[in-house]
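One chain comes next, on its own, written as structure tokens: the form predicted alone.
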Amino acid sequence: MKKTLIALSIVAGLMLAASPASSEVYIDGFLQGLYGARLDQDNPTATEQTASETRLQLRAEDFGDKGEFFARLDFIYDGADSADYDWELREGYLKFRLGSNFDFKVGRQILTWGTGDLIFINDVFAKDYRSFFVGRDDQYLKAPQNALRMEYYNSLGNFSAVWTPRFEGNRLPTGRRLSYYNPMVGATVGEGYFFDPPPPDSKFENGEIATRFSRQVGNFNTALYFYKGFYKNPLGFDPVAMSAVYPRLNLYGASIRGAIAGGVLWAEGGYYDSRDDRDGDNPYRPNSSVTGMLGFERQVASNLTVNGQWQVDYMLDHDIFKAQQMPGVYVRDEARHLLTSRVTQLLNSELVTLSGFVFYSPTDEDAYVRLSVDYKYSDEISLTVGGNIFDGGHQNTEFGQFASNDNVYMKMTYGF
């Protein structure tokens, strides 16, 4: 109850501070129940339930002549294994314009850019895979960050810059509801082995900087990217502290997206400059890599849309990396391939949506399948059932490590 009162006080204070007396604040949201369970009984997780939660989301926004206020607040009762109340301010920002060329957004916000469909190359903003793997709405894949975003518009193109003063890492499975591969143990583990890697020190020099320059060229939108910060997953290891760490990273990338051949084509690439291991000889830091992706989407029949993507990730100094690995441990190929496809079918006057998304890596020999059926019962009420299926021949690959986490879920949402 105390957390709830604090959260309500925060929202009320923000609304009063941001809105002049004559303005009108718009409020909406939804109430949702989500329930899920894993299918594999041989799993070291602490509970068989992947989700058992009631969620209330409130959104408030106000538009004025000189700026905009927006807030999104979630209240959650989680009863998967032990009853717990929580809340999260997912967004709470002010947006305003200076002159006719500059836009600023300040506060807690969801950040995204790039062209891929669930493949992120130049989108290095924080993700929440704990939510993604148990059936929460797609909006929860993106974790919020406290940031300052600036956009500049002119005839040459649009320039965006994002400064995140405090590093925000990805939210990864902890073993509580989803097991994962722990390289220090050499096995798939549950909560008892969870490591909570410390974030980089809270210093000005450790703030994240991401920039993008985009320009329309004919039917295509092109963009250049730069990022200075850290890997979002704790891919490094400190042998002294015996702890995982977030290695330093520079990223240089580009993308293009536009209409062609009756569909949409996109391509994106990036160079991951591992600043702590540019020669590939540090066994405790990830090697630098070059990655690229090609995708295409088209409506192939009435209310049936299909897309496909092909990504190649090429590790630099792979021979050194391979020589550093322990005997008996699967070592990824120098070039890792990933194929994906999304199929979406609308039925019954578009009241029913069938969706399937498949990730498959022929080099890692692993896969991840997302399936869902959504029924719009009314303008306010929707029902969804779905599942997450993992498979892999090696327990230390991207999807193979979650092979014991197959789960099904159902949820009901009431919007207001």
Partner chain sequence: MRNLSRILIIALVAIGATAAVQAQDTAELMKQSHLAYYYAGDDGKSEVIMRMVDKKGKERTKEFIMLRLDTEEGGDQKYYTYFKKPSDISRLTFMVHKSATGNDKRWIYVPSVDLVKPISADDKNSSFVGSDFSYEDVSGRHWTEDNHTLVGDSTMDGKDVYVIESVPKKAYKGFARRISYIDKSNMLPLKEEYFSKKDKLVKIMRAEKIENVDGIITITSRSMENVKKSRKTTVEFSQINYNVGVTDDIFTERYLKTPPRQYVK
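Since this is a predicted model, take the numbers as computed values, not measurements. Residue numbers count along the first chain shown, from 1.
In what follows, reference is made to the form predicted in complex with its partner chain, a form of this protein that is not presented.
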Consider Glu365 of the chain shown here, and say whether it contacts its partner chain in the model of the complex, taking contact as heavy atoms within 4.5 Å. no
Even though the partner isn't displayed, in the model of the complex is Gly262 close enough to its partner chain, meaning a heavy atom within 4.5 Å? yes
When the contact criterion is heavy atoms within 4.5 Å, does Asp138 count as touching its partner chain in the model of the complex? yes
Hey, in the model of the complex, does Phe70 get a heavy atom within 4.5 angstroms of its partner chain? yes
The unique member of Trp87, Tyr271, Phe132, Tyr153 whose heavy atoms fall within 4.5 Å of its partner chain in the model of the complex: Tyr153
Which one, His337, Arg298, Lys228, Lys322, lies within 4.5 Å of its partner chain in the model of the complex by heavy atoms? Arg298
Counting only non-hydrogen atoms, choose the one of 365-373, 385-393, 349-357, 46-54 that falls within 4.5 Å of its partner chain in the model of the complex. 349-357
So which residues in 25-62, when you check its partner chain in the model of the complex, have a heavy atom no farther than 4.5 Å from it? Tyr26, Asp28, Gly29, Arg59, Glu61
